[in-house]
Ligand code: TYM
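Consider the single chain below, provided in structure tokens and representing the form predicted on its own.
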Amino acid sequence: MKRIFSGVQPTGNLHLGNYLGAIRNWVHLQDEFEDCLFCVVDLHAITVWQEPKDLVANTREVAAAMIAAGIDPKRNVIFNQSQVSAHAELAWIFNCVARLGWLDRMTQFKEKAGKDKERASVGLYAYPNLMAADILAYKATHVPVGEDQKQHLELVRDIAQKFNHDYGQEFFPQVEPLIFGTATRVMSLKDGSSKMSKSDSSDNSRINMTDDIDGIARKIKKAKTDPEPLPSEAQGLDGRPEAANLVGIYAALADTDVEAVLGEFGGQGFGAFKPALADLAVSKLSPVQDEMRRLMDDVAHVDNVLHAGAERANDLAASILEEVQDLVGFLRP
């Protein structure tokens, strides 16, 4: 049986990169896989300080975005990580399976910790082990990931393989990545070499999922470009990161590819392309944003979805965790 697991952090200010790189892809996955778990990974979020009241609000915001985008909570399991204790319990076991050398090679820790890694939390260092627990607590077989998460998924496979070897059973599956095509990595509107991020000091660098129609159009109009017209072939975008980013965003929103976009707009300048991109972005994002705002005002409904999803997730993870505990040699009631 194929089972999907994927998660997104509730760190606030959901933006176009989160939507195109993750949430929208999940909508497609629910039609391809019968067994999908979509998780708001709030345990991961606290590897860096979170204001508690903001973490609660951001968790609801992500859940609302999932539902508004079209993920059906009746067909899929939508939940927040902290409501299912198997994640933390299995993560500790994996802390004792993973090797320090494996974690030392994780490039994202080096990027996030910066120069003063001695001040980083242990959770930030060890969170790839928690990511492995997120996936393997359900024996998920496939995980949609961006290019920047491929290294962590390789670690998940290493942990599963070592656990199976240590305890003499092919217990955990070898998880396969699902890497999507166009615009899986959306870049900043102000710097095509940097990923779109909520932490960027300029709000004009990103399209937030809470932006109104005028805000979306204004940010696209102000997006950094170059003076050359769009090429007619994809190779013409080499060395033009801002142009490549805007074309990629258009392709993703239009559910087409870069070649098709350039076939339509090749030879034209950004004076023609940007208004077309703005109109497309507004038409695709506005219905999702409107429904997301409605759901964020209906706190009880969102909380009920998360609670019901957590109950289903607990049911799936409980028996797997018990088998792990037996293999490890823990005495259970």
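Being a predicted model, the structure only gives us computed values, none of them experimental. Note that residue numbering begins at 1 and tracks the sequence as displayed.
This protein has a second form, the form predicted in complex with tryptophanyl-5'AMP, left out of what is shown; the following refers to that one.
- Of the listed positions (K274, H44, K284, R60), a single one reaches within 4.5 angstroms of tryptophanyl-5'AMP by any non-hydrogen atom in the model of the complex, namely H44.
- The single contact residue among V247, A91, V186, M209, judged by any heavy atom lying within 4.5 Å of tryptophanyl-5'AMP in the model of the complex, is V186.
- Although the partner is absent from this view, H15 contacts tryptophanyl-5'AMP in the model of the complex, with a non-hydrogen atom inside 4.5 angstroms.
- When tryptophanyl-5'AMP is considered in the model of the complex, G309 lies well away from it, no heavy atom lying within 4.5 Å.
- Interface residue remark: K198 is counted as part of the site for tryptophanyl-5'AMP in the model of the complex, having a heavy atom within 4.5 Å.
- Although the partner is absent here, G146 sits close enough that one of its heavy atoms falls within 4.5 Å of tryptophanyl-5'AMP in the model of the complex.
- Looking at 133 to 141, 116 to 124, 255 to 263, 69 to 77, the stretch with residues near tryptophanyl-5'AMP in the model of the complex, meaning non-hydrogen atoms within 4.5 angstroms, turns out to be 133 to 141.
- In the model of the complex, tryptophanyl-5'AMP lies within 4.5 angstroms of at least one heavy atom of each of the following residues of 1 to 16: F5, S6, G7, V8, Q9, H15, in sequence order.
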